[in-house]
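Below sits a lone chain in structure tokens, taken as the form predicted alone.
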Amino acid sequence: MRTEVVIIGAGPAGLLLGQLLHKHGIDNVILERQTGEYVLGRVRAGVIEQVTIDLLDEAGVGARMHEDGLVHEGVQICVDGVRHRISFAELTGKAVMVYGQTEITKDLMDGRAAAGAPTIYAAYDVHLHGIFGDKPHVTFRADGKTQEIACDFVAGCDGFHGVCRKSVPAHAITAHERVYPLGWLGILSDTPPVSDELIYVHHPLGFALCSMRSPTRSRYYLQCSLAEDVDSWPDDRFWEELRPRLDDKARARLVTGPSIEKSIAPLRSFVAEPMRFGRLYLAGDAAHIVPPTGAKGLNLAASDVRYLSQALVEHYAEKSDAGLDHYSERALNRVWKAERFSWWMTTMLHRISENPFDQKIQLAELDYLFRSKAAATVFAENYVGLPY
């Protein structure tokens, strides 16, 4: 088998890249280790920037997003039982949209199926060959037999634990990492949200986040220890821990119910440099991880895809490799700004230290954010997404 681009990973990054390349007549095959049902069942991010919305529109899969997505023109931060609203619309003229990653994945899967573009699920033992030469190829096992795809380029969109970054010689890659001593316990429930906007909660008991996926489906998070076991958190315990962290209005509006998904996610910041290795290009979680606090993970993956898709189109349509040669530099420039913002939000809002000095610094930082239009503007600009 031969194609122009082999994409490893059928998450949003890989599917979006495949759809954009297909729109420009660039043949591609997606390999995914899991089944399609498993990929579609993963519950992930829900806040997307305008630039991500624009890319989904460009890929031709934005119709349902515009119909069902919730436009948010601001966000709220609760400290000492008092909510403070930061208006994106007033400070930047922009907004974000709440639309679950599961729904984005479904839209991209449907778009790829409609286009007749090939995705091979349950592709095991994937190996990359010749990525530093002119004729790379990928081998894998599917349907009980070993198969091979020759290609021009490989796009590694297979996540933090995927094979692509691991295929790079250790001496060729530099990893930067910050592991936080906490996690997020998340619960999804078919209950109405407590607010029309996200509420980030800074509280002595620990961080909390009130989010949503729709007007009838809520997503809540609690800061927890990494030593916690999700099985030790029955629904009643979760609601009991969430309730005292909320302000009076949110507490009065809280509707509890059985969870339909519950998980614990560790928090880490991670960047691998560079993001190009010969004819292998990393994108999304394969190259970087951000804490979920700043809602940047999916959006950073989309920005990588934007840079990479444009570079590949330029290669095939204009016979120029300028975009490919500068892909890593351009992508990392935006990655590090998002890493900084996510790190800042995480350290400002969570109870990380028991040192009274550190806690006072957090409160001073929050007070400055609420009182200074300049500080609020910086926050809003980063949250809605920095320009390319």
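Everything quoted here is computed from the prediction, not taken from an experiment. Position 1 is the first residue in the sequence shown; the rest follow in order.
What comes next is about the form predicted in complex with a small molecule, which does not appear here.
S.K.: Of these, S309, S189, Q223, N299, which has a heavy atom no more than 4.5 Å from the small molecule in the predicted bound form?
M.R.: By the 4.5 Å criterion, the partner-contacting residue is N299.
S.K.: So which of L31, I53, A59, V335 reaches within 4.5 angstroms of the small molecule in the predicted bound form, heavy atom to heavy atom?
M.R.: When the small molecule is considered in the predicted bound form, the option within 4.5 Å is L31.
S.K.: Determine whether any heavy atom of L17 comes within 4.5 Å of a heavy atom of the small molecule in the predicted bound form, and answer yes or no.
M.R.: No, L17 sits far enough from the small molecule in the predicted bound form that none of its heavy atoms falls within 4.5 Å.
S.K.: Indicate whether V271 is a 4.5 Å heavy atom neighbour of the small molecule in the predicted bound form.
M.R.: So V271 does not count as contacting the small molecule.
S.K.: Test of understanding: in the predicted bound form, would A265 fall inside 4.5 Å of the small molecule by heavy atoms?
M.R.: Because a heavy atom of A265 falls inside 4.5 Å of the small molecule in the predicted bound form, the answer is yes.
S.K.: Taking heavy atoms and a 4.5 Å cut-off, does A45 contact the small molecule in the predicted bound form?
M.R.: Contact check for A45: yes, within 4.5 Å of the small molecule in the predicted bound form.
S.K.: Which is the contacting stretch out of 242 to 250, 141 to 149, 278 to 286, 229 to 237, given heavy atoms within 4.5 Å of the small molecule in the predicted bound form?
M.R.: That would be 278 to 286.
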